[in-house]
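What follows is a single chain, given as structure tokens, in the form predicted on its own.
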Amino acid sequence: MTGTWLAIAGAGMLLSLLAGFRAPNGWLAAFGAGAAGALGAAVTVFAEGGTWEFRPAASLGGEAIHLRLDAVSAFFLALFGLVGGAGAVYARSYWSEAAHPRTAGAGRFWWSLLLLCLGLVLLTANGLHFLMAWELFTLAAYYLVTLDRRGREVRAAGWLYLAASHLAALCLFAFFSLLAARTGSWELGPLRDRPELAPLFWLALFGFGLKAGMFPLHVWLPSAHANAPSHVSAILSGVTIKIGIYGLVRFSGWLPAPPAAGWVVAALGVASAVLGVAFALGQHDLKRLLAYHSVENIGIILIGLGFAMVAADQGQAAWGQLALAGGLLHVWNHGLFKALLFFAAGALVHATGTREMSRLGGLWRAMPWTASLFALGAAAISGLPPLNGFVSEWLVFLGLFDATLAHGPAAWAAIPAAVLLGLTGALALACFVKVCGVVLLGAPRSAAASHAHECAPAQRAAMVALGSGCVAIGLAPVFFWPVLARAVADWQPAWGGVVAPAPLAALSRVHAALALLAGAAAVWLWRKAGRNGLRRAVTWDCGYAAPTARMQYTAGSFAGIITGWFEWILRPVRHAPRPLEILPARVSCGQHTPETVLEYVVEPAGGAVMRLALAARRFQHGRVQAYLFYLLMGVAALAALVFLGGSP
């Protein structure tokens, strides 16, 4: 049955490639069938158990084709089907021929190719074919990021993404090549009994971590997510960066890892979580802010994975299972609420024409559906009950709390990790209070914001589907536990059966009660307001008889105190021109947060490399006599090494 579903998925994706340029509705139908097929295959694997494998009598690049779908890859394939399908519905309306006649067809084609290649990455069990699919989905993502390449910032973001992706591909090529050289085959599978393969993990961590956007390898992510069309931002954040997480989960389970690997992954996770949300607080661009929250949530996932690797190394199954289950569930949860937030942000940007939060405001009244769904996603990403973000973070907390009861280094490391994870949640809540307060509430700060309109029904339907997923996982986490248990058991078979934590059923009941109480309170308040009548007034007049929108908090002033705590890493640039008059008519001040790692580390290092390369070019001048002299000097140096007892 799994093979049938995958055949439907493959046929649907291929048909959508053919229909993308000329038949928008046919493309949507074909892609929807492909996404449904992928989701059906994942559900079948979890329902039937076992591993599906397919070895046709065919080869590609001299290597036999080998497809494999187990619980780990099916877990990610389910997210691919759900978010990819919702994104296609949203994209059909958001990036239509009427609004984008030059690029709509190309956008659909690259979208289908991206998702098709992502599916192949999840299915292939051959290192060479993995690299082929990886490179193809990287190129498809580049063309999607630069779909509207008229802007200079868009082109720069695309080139940065392409450069970072090819650096990741280079590391993965070294990883798979060395793996094939040491095993004698490009075939992929469990090799836990080969300790000599453990050092290869560091190549995998760099390559997959760069694609996942973990700190400090995230330099490509903010600009790519901010400048891409919003449906592309949603698929990049919701699905594509999770393929980096898939690579880490897959090969940390199939291959041995060095003893320090779990600690390094956990430390990178803590750094990504805390600093990702700190950078988000310093942003004024709505989509760039959401992009930095991707770094934060990748960090939460890595905390769960890192401590699970430590537990596996120390033989501590109980709390390692909880940490990994929380990290894996957060893969789903982040995919759902981050895609929802980018969809809603796309609708807000489309209605107002700006991503600058301080030019928005008052949009809840003009766009109630979009604003309500954005608020739902904001509550979920902030880890508030009774939504899905709380459940996955709670499972990670349970694993960390149980680790503190164990003896050894894990107990001491879990305490600060839990504290910093709690700090991350508090900062995320503060950040989205800022976003909702500045963007959705108050008075419009510009003419565009005052004339905003609600998005199309198809876009709302896609957002409602993702929001329903956030609510469903939050209210019924027990229903999803068997899926998590299967994925955890496949990752580490030595742990045996995975038992659900005792409070999980109670959590479902508590969340259901909270949802009922919230619904009852909303109905009561609505009826009471209806009986007493509603009177509209300005939000806050601050004692002025004629207040203006300029008197409201801006995105920068709202979070100014918190971002000051992280000034050592954010390095904010302040703009406060001195007034030239005694009583100036206008005074302005502001600040922006630069891309610290990119601007203060990567670009100076790249500049140094370029200067060395330009200096080295002077030795390439076409004079044969000089080249012979270089050769003679090299031979003399080797002879000197041999004479002194060295090894040439």
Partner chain sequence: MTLILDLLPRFALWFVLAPLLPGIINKVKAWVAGRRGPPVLQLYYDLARLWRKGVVLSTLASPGFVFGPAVAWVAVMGAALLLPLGPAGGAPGFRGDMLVLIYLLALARFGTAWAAMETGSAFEGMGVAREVSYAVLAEAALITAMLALCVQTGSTSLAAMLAPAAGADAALLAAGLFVVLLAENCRVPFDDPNTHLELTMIHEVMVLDHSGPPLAVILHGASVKLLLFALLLTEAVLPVGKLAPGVAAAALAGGVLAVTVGAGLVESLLARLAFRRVPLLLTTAFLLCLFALLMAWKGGA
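Positions refer to the first chain, counted from 1. This structure is a prediction, so every number in the text was calculated from the model and none was measured.
FYI, the form predicted together with the partner chain isn't displayed, but the following is about it.
**Q** Since the partner isn't included here, can you check whether the partner chain sits close to all of 404, 534 and 552 in the predicted bound form (heavy atom within 4.5 Å for each)?
**A** Each of the three qualifies.
**Q** Partner absent here, but in the predicted bound form, which of 288-296, 133-141, 374-382, 224-232 has residues with a heavy atom within 4.5 Å of the partner chain?
**A** Residues of 374-382 come within 4.5 Å of the partner.
**Q** Examine residue 394 and determine whether its closest non-hydrogen atom to the partner chain in the predicted bound form is within 4.5 angstroms.
**A** Yes, residue 394 lies within 4.5 Å of the partner chain in the predicted bound form.
**Q** Test of understanding: in the predicted bound form, would residue 512 fall inside 4.5 Å of the partner chain by heavy atoms?
**A** Heavy-atom contact with the partner chain at 4.5 Å: absent for residue 512.
**Q** With a 4.5 Å heavy atom cut-off, would you call residue 244 a contact of the partner chain in the predicted bound form?
**A** Answer no; every heavy atom of residue 244 is more than 4.5 Å from the partner chain in the predicted bound form.
**Q** Are any of the heavy atoms in residue 526 no more than 4.5 Å from a heavy atom of the partner chain in the predicted bound form?
**A** Looking in the predicted bound form, residue contacts with the partner chain include residue 526, since a heavy atom lies within 4.5 Å.
**Q** Under a 4.5 angstroms heavy atom criterion, identify the one residue in 175, 390, 161, 76 near the partner chain in the predicted bound form.
**A** Of the candidates 175, 390, 161, 76, 390 is the one lying within 4.5 Å of the partner chain in the predicted bound form.
**Q** So which of 248, 427, 179, 210 reaches within 4.5 angstroms of the partner chain in the predicted bound form, heavy atom to heavy atom?
**A** The residue in contact is 427.
**Q** Under the 4.5 Å heavy atom criterion, name the residues of 506-521 that approach the partner chain in the predicted bound form, in sequence order.
**A** Heavy-atom contacts to the partner chain in the predicted bound form: 506, 507, 510, 514, 517, 518, 521.
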